[in-house]
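The form predicted alone is given below as one chain in structure tokens.
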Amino acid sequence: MITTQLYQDYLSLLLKGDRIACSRIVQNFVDQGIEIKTLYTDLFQKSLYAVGELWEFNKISVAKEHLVTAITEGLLNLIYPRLFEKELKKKNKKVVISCAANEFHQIGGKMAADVFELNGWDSHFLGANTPIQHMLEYIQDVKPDLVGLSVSVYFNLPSLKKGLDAIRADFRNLDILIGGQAFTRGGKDILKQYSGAHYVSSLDELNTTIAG
């Protein structure tokens, strides 16, 4: 269980840039058998949201925010092999997940891709700032059952809209899931313009959506 005190200790060490201490905390959680989805939602996602708010209100620098992001990505890589320790029931479904063009915050998309893997999907994560045409070509090659788009910065919503326009033009019936911190400032109304496009507010909601 990730108690409030343990979370606060982790967040404090994260903001100090103490990579080793953060790694120890995460490794202890893993050794205790805490579910990966719980680590993602109650530790990584929660702390990144908190750090994002600190940055937004100018309480930490861009450099500090980048450091936190780098440490968190390293921790995700640390526990990634655990995704495959248990034999997962495969669903014979594929998903392509990409960040919007000009979106360089990729952790949310990566965690979403891992949640799909935990639910038996074959996930293809394209990473940050994927050019729209390259994304379309990959979708054509893979022929997924679903596409996921992630956008963390509100000012990148126009890039998201261009991506949605392009996907809907080439793949009229392909379902699309969209998520990211950008929507805390608004913008969800944009998605009403696209049939088969659905907003997912959190990793918990994503897990519920695809687990059924």
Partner chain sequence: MKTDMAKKLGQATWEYVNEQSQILFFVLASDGRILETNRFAESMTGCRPGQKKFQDLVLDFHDSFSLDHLTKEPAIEHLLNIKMGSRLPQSFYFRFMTMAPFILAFGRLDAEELESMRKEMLNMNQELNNMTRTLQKKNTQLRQLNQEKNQFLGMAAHDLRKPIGLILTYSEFLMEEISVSMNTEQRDFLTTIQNSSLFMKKLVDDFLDVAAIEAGVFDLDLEPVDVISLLEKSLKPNRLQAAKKGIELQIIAPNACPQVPLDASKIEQALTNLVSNAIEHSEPGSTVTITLIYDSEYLVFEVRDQGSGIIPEDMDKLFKPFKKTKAEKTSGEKSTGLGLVIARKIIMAHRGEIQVHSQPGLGTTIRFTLPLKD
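The structure presented is a predicted model; accordingly, all values stated were derived computationally and were not measured. Residue numbers count along the first chain shown, from 1.
The same protein has a further form, the form predicted in complex with its partner chain, not shown here; the description that follows concerns it.
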{"property": "Contact label in the predicted bound form: residue 120 to its partner chain, heavy atom within 4.5 Å", "result": "no"}
{"property": "4.5 Å heavy atom contact, residue 70 to its partner chain in the predicted bound form", "result": "yes"}
{"property": "Its partner chain contact in the predicted bound form: residue 142, any heavy atom under 4.5 Å", "result": "no"}
{"property": "is_contact(residue 62, its partner chain) in the predicted bound form, heavy atom dist at most 4.5 Å", "result": "yes"}
